[in-house]
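Before any questions on binding or motion, here is one chain by itself as structure tokens, the form predicted on its own.
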Amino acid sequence: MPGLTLRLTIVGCGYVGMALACELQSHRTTTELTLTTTSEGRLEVLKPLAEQVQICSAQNPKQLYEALSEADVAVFCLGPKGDRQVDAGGYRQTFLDSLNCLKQLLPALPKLGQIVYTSSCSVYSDAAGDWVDETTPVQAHDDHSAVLLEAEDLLQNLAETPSKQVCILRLAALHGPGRDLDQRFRGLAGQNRAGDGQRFTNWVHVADAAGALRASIEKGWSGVVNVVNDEPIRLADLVDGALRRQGLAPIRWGGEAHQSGCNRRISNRRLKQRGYQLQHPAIVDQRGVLDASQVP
């Protein structure tokens, strides 16, 4: 209701959680924001962005309860610590242990009316280049996606409780400040790579991830929504274009790819139906160059 203060907690302030905190700070009027981190070293960085900043492991019932006890809305931006890829066991601890902890605490959190969770478009399996959307049956294609689907199922079961709304945002691969794609692909210059690079990849700018999160909170979304830009891009076009812009040698594609990845184009129709307008509809602008707004 207008004039009432919305108490919001972001559980996990990594790349996306931090972007959402900045987005809320620049737009909010009646939001009381609590941020959580597992790192003592990030407390000072986060303090200017919120009324409260707390150390919280989402697998710790006491810490998670303290973070959510007064919250009307909780946004879970979970992710493994650090930049290194973790195994499925690490995923299970990060996502499932955290959400099971939340499930156990829900009876003691009567004020919590909405739970928003950032999942991943990696739950979609191969579609041979065809389009997929939120109605497409999902099936795990590796151990990591199996954990993500189990986490989604856990949350969707919570939606059966009338007093709790659950919104799952499936994010595409992220780019933006701090995740410069030219820099990311620079080390591939001149390499031989298996396959032809023709599978589609799907991306979203971190500003749109944060913008969609804010919209989901302000408009009370529920259900599953893909957060992805308008234009899937073939892997070869993405990587070779990045190398060409830097005057570097292109990749030499050829041979049979043992792990070519999932080839699908992910639709954002539902995101637009919910009223969200993308700030960055494509990685490449109309001049054929990388979206300059991603550069830090």
Ligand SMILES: NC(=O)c1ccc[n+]([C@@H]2O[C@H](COP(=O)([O-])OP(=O)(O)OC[C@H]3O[C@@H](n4cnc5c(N)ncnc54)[C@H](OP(=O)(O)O)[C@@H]3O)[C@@H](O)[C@H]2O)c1
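Here the structure is a predicted model, which means the values were calculated and not measured. Throughout, we count residues from 1 along the sequence that is shown.
From this point on, the text means the form predicted together with the ligand, which you will not see here.
For the candidate set 267, 69, 31, 38, a heavy atom within 4.5 Å of the ligand in the predicted complex is found for exactly one residue, namely 38. In summary, among the residues 181, 224, 116, 171, the only one with a non-hydrogen atom within 4.5 Å of the ligand in the predicted complex is 171. The candidate site formed by 13, 56 and 78 is fully in contact with the ligand in the predicted complex, as each residue has a non-hydrogen atom within 4.5 angstroms of it. Judged by heavy atoms within 4.5 Å of the ligand in the predicted complex, the contact stretch among the candidates 133-141, 149-157, 116-124, 186-194 is 116-124. Proximity of residue 42 to the ligand in the predicted complex falls within the 4.5 Å heavy atom cutoff. With a 4.5 Å cutoff on heavy atoms, residue 94 counts as touching the ligand in the predicted complex.
For residue 201, no non-hydrogen atom is located within 4.5 Å of the ligand in the predicted complex, even though that partner is not displayed. The ligand is not drawn, but in the predicted complex it has a heavy atom within 4.5 Å of residue 98.
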